[in-house]
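Presented as structure tokens, the chain that follows is alone, the form predicted alone.
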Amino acid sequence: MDANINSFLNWSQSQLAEAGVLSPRLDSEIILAHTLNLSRTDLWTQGKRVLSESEVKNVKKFMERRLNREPISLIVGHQEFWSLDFIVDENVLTPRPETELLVETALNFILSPTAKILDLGTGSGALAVAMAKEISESKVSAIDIDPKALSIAKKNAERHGVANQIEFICADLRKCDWSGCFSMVLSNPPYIKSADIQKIMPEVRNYEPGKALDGGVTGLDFYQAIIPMAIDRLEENGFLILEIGHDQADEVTALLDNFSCYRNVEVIQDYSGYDRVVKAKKKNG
């Protein structure tokens, strides 16, 4: 196949569109830029560059993976979150843009530059690393049940120069008695109902770790564990900040309302207008 960058992008865009990929042009550009070790801007300025046979062969291998609906993040091995580049693989949930609202909310309520923060279900470490980068004197504890996920999280902490601020703990956040006392507890827990897993898009259903998605029969298993356990681990006036599914605000706020120490419960919408984050303040008395 004799192709330059422009013609190959047009061909690959058409192939991905026929396969039902939601962003065929963007994905085509990312795959080709990754293969050629170029930026997307380079592709636009070098559109007439002819691809070698080996380059065509390599990019077609990546294209085949995307046509099989493997997420673009797993193909290229990284994903941007909070303007930071995170290593990802099949052992961690790819960080989502909407989860940046959780970081934004947390930063709005940090009370001390030396805050102690607990990240439950850290996965790739996106929340822990972002908070450590933003609050350079903070100390973060990050829990995950999967040692393979923690290995990725540790690499990301080292990648962004915050490994000395983060303690990584391998434990089941629903069972362990978290040690320490924290000014903030954060979590983006699994919250999809078990029966709904098969209904979600194939990129997520077939390639991302089920344990990072499945919230049990009601989707609330992790909230039911986290909300009461956080009471004994939050300082007075500390904050519990949770990502939720778009239709879970009433149920999660009801769980918080069962405990008199949680005050100022607030549901925060993302930039698409969906309920995305629930924030509560621990106040004794």
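We number the residues from 1 along the sequence you see. In this text the structure is predicted, and so the values were computed from the model without any measurement.
Keep in mind the form predicted in complex with a small molecule is missing from the figure; the text below concerns it.
Contact annotation: F86 falls outside 4.5 Å of the small molecule in the predicted bound form, judged by heavy atom distances. In the predicted bound form, the small molecule sits within 4.5 Å of a heavy atom of L93. In the predicted bound form, at least one heavy atom of N188 sits within 4.5 Å of a heavy atom of the small molecule. The small molecule is not shown here, and in the predicted bound form it never comes within 4.5 Å of any heavy atom of L173. Contact annotation: of the candidates I135, I143, L213, I152, the single residue with a non-hydrogen atom within 4.5 angstroms of the small molecule in the predicted bound form is L213. When you look in the predicted bound form, the only residue of L101, L74, A163, V204 with a non-hydrogen atom within 4.5 Å of the small molecule is V204.
Of the candidate stretches 77 to 85, 126 to 134, 191 to 199, 105 to 113, only 191 to 199 has residues with heavy atoms within 4.5 Å of the small molecule in the predicted bound form.
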